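Consider the single chain below, provided in structure tokens and representing the form predicted on its own.
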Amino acid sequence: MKIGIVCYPTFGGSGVVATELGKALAEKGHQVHFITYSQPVRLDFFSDNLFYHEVSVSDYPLFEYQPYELVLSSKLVDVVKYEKLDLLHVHYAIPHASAAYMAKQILASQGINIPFITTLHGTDITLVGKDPSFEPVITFAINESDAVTAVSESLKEDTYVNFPNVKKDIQVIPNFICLEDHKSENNQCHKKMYAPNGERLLIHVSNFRKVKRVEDVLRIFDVVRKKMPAKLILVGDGPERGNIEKLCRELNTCEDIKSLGKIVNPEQVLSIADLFLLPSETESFGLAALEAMASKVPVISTNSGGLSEVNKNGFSGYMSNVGDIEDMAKNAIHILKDDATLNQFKINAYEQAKKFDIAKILPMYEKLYTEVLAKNKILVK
């Protein structure tokens, strides 16, 4: 198959999943074309089947805001025609699904049939999508998609609640990880850089937005470090960075916290951690938690959104209500209290992650592609 993938190329979960999906499809022999405004951060070109097409938006004085959706639609038309794509897979509803629909109509006027699949990832439905000004467009684009997937049952239900006029059947295909990328090595030397005296090492990875409740991470850590020697690693950056720095000074925890900024591949730092903290207000899935579990790191999380489909309470970690710092700290201390308990949770976390290995998820996408092409009577050469 020749597949066009449209995604945001940044550090967010949707871009990561779309990129890893494309790379896996390329390894299976499919030809994959990424179409976006910059090269995805996780994209490399160690495959003859991977291609990247940049969507370039010109800076015209006439436009206060550049018309990215229109330029993207035109680029999709160009790539589909000249690369002879079989289908498009767009990740994130805004503006990718509506751009794909426009491209489909333009191509249809030229006698070319190009089906498109829309994958919903989260904030396109639960945050941005709640803006009433987007509702008609999102609803229309979802209903006009040839197929729609969501990364969790929670997100599927949120879509139907937030967009009552959506009539399209939504198929749940969960996010995934490649377990091969999380092969743990003996990283004790690296761990000593951050925990030189054998302290328990906690970690948080996110884009530091309010919804991630990173301040709760610091407060949980503050309770833990008063019970046992501990260090905290923060991976990521974003609008809450200043508040976090201010809070660590108030709590007098700065000497025990290391901020590493944005990291393209977090596997190495995850492999030295003992516990992952994810106290988010909501998560459509919780890819960061899954990546931690794949590195044999148990997870303390909230029970909001799709997290309950990823983190198994009392097995791969624990879940608490949003904002319940006391309960999350208590659970963290329970996991970290002795090596035997911690090691068992590490084993359990990896077992839970196995359920989401790409080897199990990729065939679900390939099956969906085949079904969509068959419905559109497109024969893949």
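One-based numbering along the sequence shown. Because the structure is predicted, anything quoted here is derived from the model rather than measured.
The discussion below concerns the form predicted in complex with a small molecule, not included here.
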| query | finding |
| --- | --- |
| Heavy atom within 4.5 Å of the small molecule in the predicted complex - the one residue of K168, K262, H190, R209 that qualifies | R209 |
| Residue among S73, T282, S271, T139 with a heavy atom within 4.5 Å of the small molecule in the predicted complex | T282 |
| Answer range among 263 to 271, 191 to 199, 283 to 291, 231 to 239 for contact with the small molecule, defined in the predicted complex as heavy atoms within 4.5 Å | 283 to 291 |
| Partner contact for G122 in the predicted complex: the small molecule, 4.5 angstroms, heavy atom | yes |
| Partner contact for V151 in the predicted complex: the small molecule, 4.5 angstroms, heavy atom | yes |
| Contact flag, F163 vs the small molecule in the predicted complex, heavy atom cut 4.5 Å | no |
| Partner contact for I358 in the predicted complex: the small molecule, 4.5 angstroms, heavy atom | no |
| Candidate site T36, Q39 and V55: all three near the small molecule in the predicted complex by heavy atom within 4.5 Å | no |
